[in-house]
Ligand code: CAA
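Next up is one chain by itself, shown in structure tokens, the form predicted alone.
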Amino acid sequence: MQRVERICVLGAGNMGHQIALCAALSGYKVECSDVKPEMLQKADQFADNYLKERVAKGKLAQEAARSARENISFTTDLKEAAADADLVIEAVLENLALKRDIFAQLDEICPPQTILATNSSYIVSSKIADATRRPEKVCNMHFFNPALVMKLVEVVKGPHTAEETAETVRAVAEKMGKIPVMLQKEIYGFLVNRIVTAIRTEALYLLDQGIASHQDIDTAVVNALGHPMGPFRLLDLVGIDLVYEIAMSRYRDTGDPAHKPSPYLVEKYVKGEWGRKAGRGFYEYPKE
């Protein structure tokens, strides 16, 4: 396996800055980069607040917090962030054209041995790898939200991905305190999202047909299946806008009416009721 000491996380949004902090807490030197200075400022402040809170709660030693803070830095300069990285984890918007452009830039900036991983939850790396001259160094490394809490990481090997690349990424995930699972083949949605999507699709169908309320469907799933939250609470947490965009992208790709988003989901999307971040989705979230 390759030796990984320096990691670049590209994208300082909710997923990106948490992945970066996970890596910093695990001893990696981390550069987190974003084109938006305001995103980096929020990410920097989040790192400060998170580490202080963990220390105050007795969850993290003061020395470990200090070391993690020294390990992480934020910059708008992609070249500065990625030029000496052993591993780049891309965590930008779910837009294929954007990801291909970024990977082409990274291919020019990074040393030949640098591994380029995408955190995409649906876009397989074979759609991105040929934008580089190192397809064998490209794979999916999919974290779950919130990345500081959720243990699972899906490592997905494309037909282009070298075994060494996949095993190196798996080892990095383990060092970050995660539980990696290896997908030997690419498939749309990977493991977890395929299962979650099947449950969500059926739950939305039951709601659209007027079989039961979203509250009762959530209650049934929590109390009969033992899930920590029902599919509608989960929709609100993930973001109804994100789920809608993913469904529309899938429908545009396949043309299959079965992949169209649910009428109820479309209604929520159009109204801007996107879940927790909007203060309202299937449930209401009063501002603190």
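Numbering starts at 1 and follows the sequence shown. Note that this is a predicted model, so its numbers are computed, not measured.
A second form of this protein, the form predicted in complex with acetoacetyl-coenzyme A, is not displayed here; the remarks below concern that form.
Using a 4.5 Å cut-off to acetoacetyl-coenzyme A in the predicted complex, each of Y50, M150 and P228 places a heavy atom inside that distance.
Heavy atoms within 4.5 Å of acetoacetyl-coenzyme A in the predicted complex are found in one stretch of 29 to 37, 215 to 223, 247 to 255, 55 to 63, which is 55 to 63. Proximity to acetoacetyl-coenzyme A in the predicted complex, defined as a heavy atom within 4.5 Å, singles out one entry of P146, P112, G210, P159, which is P146.
Using a 4.5 angstroms threshold between heavy atoms, S121 counts as touching acetoacetyl-coenzyme A in the predicted complex. Under a 4.5 angstroms non-hydrogen atom cutoff, acetoacetyl-coenzyme A in the predicted complex lacks C22 among its neighbouring residues. Although the partner is absent here, V238 lies within 4.5 Å of acetoacetyl-coenzyme A in the predicted complex, judged by heavy atoms. Not displayed here, acetoacetyl-coenzyme A is kept clear of K137 by more than 4.5 Å at the level of heavy atoms in the predicted complex.
Contacts between stretch 18 to 38 and acetoacetyl-coenzyme A, counted in the predicted complex as any heavy atom lying within 4.5 Å, involve Q18 alone.
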